[in-house]
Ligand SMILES: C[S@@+](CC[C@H](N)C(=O)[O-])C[C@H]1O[C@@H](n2cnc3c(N)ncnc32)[C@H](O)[C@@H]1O
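Have a look below at one chain only, the form predicted alone, in structure tokens format.
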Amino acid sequence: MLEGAKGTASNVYVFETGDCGAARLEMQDQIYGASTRQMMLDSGLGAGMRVLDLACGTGIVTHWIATQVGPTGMVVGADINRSQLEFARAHGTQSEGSRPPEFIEVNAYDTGFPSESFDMVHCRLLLCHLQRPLDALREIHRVLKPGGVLVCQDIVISSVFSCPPTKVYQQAIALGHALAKHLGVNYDFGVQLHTAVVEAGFGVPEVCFTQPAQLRGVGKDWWHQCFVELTPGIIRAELATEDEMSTLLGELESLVLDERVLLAQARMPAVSAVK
């Protein structure tokens, strides 16, 4: 069993966690999960590998990785938030012929894992929530074996748009950036991802972009649900009033239900980089 360095819950991750955030994370995986899994497979994920799923959240991807590495492999789901880990442990389903993941509380800047412990590290939507994303990438580089692979996806919220254009999405993006500035993070970090991994010591990465678009379906509600969970933080930061957020959320929800409006979800740049 690997030991990680415990950390305290992040003060810049302002989304709901555990049971309260599970529905949003399920929607998120419905939107981006296929590209995540394909990129990991294309990057060599397979039987017998030791894999770290960093910022694993509720463990959706972690449990899938376990089915790919099989009984001879090992998967660690790591997160700084205990309620995420508790949910992940409680809701996983073990497939025949796979070894259940270990779930460990860690800090992304200092995981506590031995150097050169893993064949692959995966993280999705971690770096945009960190004030020092480059330090986290350097830590990932440290725990990977020589020749090990980082598979990482991050977001560009500025890329969200609707067709026909609607002012409410522009307002939501502006509020998101204002909150990120208040927290000292970058919700457009995805555009820097390819250069950041090289600066952290990796080779030149393979890069791809994913940007799903929807007229209908459960996933179309993801952007609206994100702002439902961000609302308390936005109000605490005095970036908008309760009445202003109520109006914004009502308009976002109405567009989710309007099948004439196409919502292009946030672009998700992804990299696969070898140590």
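Bear in mind the structure is a predicted one, so any value in this text is a computation, not a measurement. Numbers for residues come from their place in the sequence shown, where the first is 1.
What comes next is about the form predicted in complex with this ligand, which is not displayed.
- Proximity to this ligand in the predicted complex, taken as a non-hydrogen atom within 4.5 angstroms, holds for one residue of Val121, Leu137, Val76, Val106, which is Val106.
- Screening Ile157, Leu179, Leu125, Leu193 for any heavy atom within 4.5 Å of this ligand in the predicted complex leaves a single hit, Leu125.
- The closest non-hydrogen atom of Asn186 lies beyond 4.5 Å of this ligand in the predicted complex.
- This ligand is not shown here, but in the predicted complex it comes within 4.5 Å of a heavy atom of Cys56.
- At the 4.5 Å threshold, heavy atoms of Gln225 stay clear of this ligand in the predicted complex, well away from it.
- Proximity of Ile80 to this ligand in the predicted complex falls within the 4.5 Å heavy atom cutoff.
- Shown alone, this chain has one stretch from 41-49, 63-71, 231-239, 25-33 that lies within 4.5 Å of this ligand in the predicted complex by heavy atoms: 25-33.
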